[in-house]
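This document opens with one chain alone, in structure tokens, the form predicted alone.
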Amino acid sequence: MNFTLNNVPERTSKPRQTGFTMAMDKGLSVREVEDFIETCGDFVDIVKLGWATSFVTPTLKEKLAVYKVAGIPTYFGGTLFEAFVIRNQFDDYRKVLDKYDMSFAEVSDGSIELAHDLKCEYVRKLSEQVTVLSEVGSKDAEKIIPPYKWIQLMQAELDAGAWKVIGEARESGNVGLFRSSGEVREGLVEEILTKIPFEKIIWEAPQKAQQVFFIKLLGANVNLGNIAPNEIIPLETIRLGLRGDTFMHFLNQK
């Protein structure tokens, strides 16, 4: 930090298990990635190449190399996994992970119907090859999953070998954990937390109000995802109580 302030929350250090920030790359150029890392690299733990953008990114290898040199792992969005699976190309997907030297993968079923036993089998198989992030929740705003089911799905996917589970919200933050307005389904979140350890969950929270909610609920070192590159430093100030939304929240805490 550039100067000293008292009563600022202590942040975990990289490599982190909690206080994890997952950034969403929706098509940055190599030069933009270099600038992004220069400014935000210390605050980013992993980068998701959103949905299937990796399929059309012309400088994919070069971009991944820049992230790798900076020590920031990357992974392809779960929609790419689903695109391979629905075409019966799971083995091809595994070859793609090897080709691009990926150490993480996301397993999701937000856009396709996938029997949960089969999804867990994909988690098991991929966990032999890479570290698996498993996303729970639907991208369909009309599909409401009851809290007990979220808990069952998350626990089963962790048991199958997922390193962490991701609470679905899309890049817009208006499905899954959130209502169409972006409002947090607070009862759902609180019930999930009665059974699933908070350090095992990455909450997709692209909107500022959503980030503030989780930081006030679970502290500066909550795991948050789907953060836009230009929102990484603003998020860090929210985590540290240095933005109006959390300014008083940490001030009197030891």
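Fair warning: this is a prediction, and the values are worked out from it, not measured in the lab. One-based numbering along the sequence shown.
A second form of this protein, the form predicted together with a further copy of the same chain, is not displayed here; the remarks below concern that form.
Heavy atoms within 4.5 Å of a further copy of the same chain in the model of the complex: which stretch among 106 to 114, 179 to 187, 148 to 156, 130 to 138? This holds for exactly one stretch, 106 to 114.
Please determine whether residue 56 contacts a further copy of the same chain in the model of the complex, using a 4.5 Å cut-off between heavy atoms. Result yes; residue 56 sits at the interface with a further copy of the same chain in the model of the complex.
Does the 4.5 Å heavy atom contact test between residue 163 and a further copy of the same chain in the model of the complex come out positive? Taking the distances in the model of the complex, the answer for residue 163 is no, it never comes within 4.5 Å of a further copy of the same chain.
Check whether residue 221 has any heavy atom within 4.5 Å of a heavy atom of a further copy of the same chain in the model of the complex, and answer yes or no. Output for residue 221 is no: heavy atoms all beyond 4.5 Å of a further copy of the same chain.
Contact test in the model of the complex: residue 230 vs a further copy of the same chain, heavy atoms, 4.5 Å: Yes, residue 230 lies within 4.5 Å of a further copy of the same chain in the model of the complex.
Is any part of 92 to 128 within 4.5 angstroms of a further copy of the same chain in the model of the complex by a non-hydrogen atom, and which residues would that be? Going through 92 to 128 in order - heavy atoms within 4.5 Å of a further copy of the same chain in the model of the complex - the hits are 96, 99, 100, 111, 112.
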